[in-house]
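Coming up is one lone chain in structure tokens, specifically the form predicted on its own.
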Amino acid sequence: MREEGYISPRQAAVLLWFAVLPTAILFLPSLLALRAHQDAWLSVIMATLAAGAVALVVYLLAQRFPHHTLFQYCELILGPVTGKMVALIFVLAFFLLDAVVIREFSEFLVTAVMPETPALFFGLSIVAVAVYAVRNGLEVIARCTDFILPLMVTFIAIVLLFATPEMMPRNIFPVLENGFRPVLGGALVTWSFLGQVVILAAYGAFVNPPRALRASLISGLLGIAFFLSLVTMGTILVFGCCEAARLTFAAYALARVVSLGQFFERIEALFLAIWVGGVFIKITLNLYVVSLGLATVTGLKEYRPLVAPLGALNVAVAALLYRNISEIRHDLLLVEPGWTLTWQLILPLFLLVMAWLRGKRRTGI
């Protein structure tokens, strides 16, 4: 047995929330301001609709193959050889995604907080803790969110509430000044984050009861879209699209403008602590999925022996992926939209169509 535990539909939705939002709220607002200008919030709505298509594909596949993971039904649909090859593509994709997140985490801390500390130190530290959590199973990862979720939601609400005096409604006008083209460009950039909801296909087999998976997908995706829209809108309202586009970490800058009566300010340190907790969940969940997927493809009964080596390899790849934060932003703007569209939408859709054509289905297991 590769995974003994089960999680509730609420925990599945919260894990989905953490699989997307921690890095999205930090990097997306400034990238969206660069692409879609004052219409950045429209790009979030458009990308949410596109991510809904991924959620629908994940749900339909889960209905045909209940209690099976994404890696298992690749083989059921395409056969043992082709299925393993496609499953390996998903494993590689989640592995690279985790490496990118580790590097984003390290670069943020080096750029904004501790410039003298090597980025490798931050990557090694968080992956070491993530390895411990992954080896304890999906239930433990899900329980970690019970502590971090209320802190993160409360903090986002506090920042947006106390930043209200700095917000200027004229910053979001005129709407659609340059037509829909910039909005579409922004939606493509947003897609590379929201399309990560495909990760539920990897751990959805452990949701109990399985019929509640639809509620997990809908509530998780709507929660992501709601908070991402609020943070993006807040950033544009406070800084304006031109200034927001120049900020590397716009949400962090938004926390810095909060000031109440000269006694409630400099809360960016609190932002840092809570954000690190959120990124920890995201890195842990991705590492869990990679380990589970590789164990499935290679036929191992246990995924735990793979966790530490994969974590170490993740840190090494993260260190080699980029030279600096500018390369990360360039990758998020120009490379990730095309690559993520391939494995987060086209490949799952291909699996669903093939399952229909070949009449593949597993029920009552």
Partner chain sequence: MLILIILAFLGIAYLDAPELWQKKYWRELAVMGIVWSLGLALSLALALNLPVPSPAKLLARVFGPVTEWLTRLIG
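Keep in mind it's a predicted model, so treat the numbers as computed, not measured. Numbering follows the first chain given and starts at 1.
In what follows, reference is made to the form predicted in complex with its partner chain, a form of this protein that is not presented.
*Asks:* If you check L237, A133, A119, L188 against its partner chain in the model of the complex, which one has a heavy atom within 4.5 Å?
*Replies:* That would be L188.
*Asks:* With its partner chain left out of view, choose which of A53, L60, I45, A319 has a non-hydrogen atom within 4.5 angstroms of it in the model of the complex.
*Replies:* Only one listed residue qualifies here, and that residue is A319.
*Asks:* Counting any heavy atom within 4.5 Å as contact, can you tell me which stretch out of 36-44, 61-69, 23-31, 301-309 lines its partner chain in the model of the complex?
*Replies:* Selected stretch: 301-309.
*Asks:* I'd like to know whether L294 contacts its partner chain in the model of the complex, with contact meaning heavy atoms within 4.5 angstroms.
*Replies:* Taking the distances in the model of the complex, the answer for L294 is yes, it comes within 4.5 Å of its partner chain.
*Asks:* Verify the contact flag for R181: yes if a non-hydrogen atom of it lies within 4.5 Å of a non-hydrogen atom of its partner chain in the model of the complex, no if not.
*Replies:* Taking the distances in the model of the complex, the answer for R181 is yes, it comes within 4.5 Å of its partner chain.
*Asks:* Is the gap between V353 and its partner chain in the model of the complex 4.5 Å or less for some heavy atom pair?
*Replies:* Taking the distances in the model of the complex, the answer for V353 is no, it never comes within 4.5 Å of its partner chain.
*Asks:* Decide whether L349 counts as a contact residue for its partner chain in the model of the complex under a heavy atom distance cut-off of 4.5 Å.
*Replies:* Heavy-atom contact with its partner chain at 4.5 Å: absent for L349.
*Asks:* Decide if the three candidate residues E243, E265 and I267 all line its partner chain in the model of the complex, where lining means a heavy atom within 4.5 Å.
*Replies:* No, none of the three is in contact.
*Asks:* Relative to its partner chain in the model of the complex, which residues of 333-357 have a heavy atom no more than 4.5 Å away?
*Replies:* In sequence order, L333, L334, V335, P337, G338, W339, L341, T342 come within 4.5 Å of the partner.
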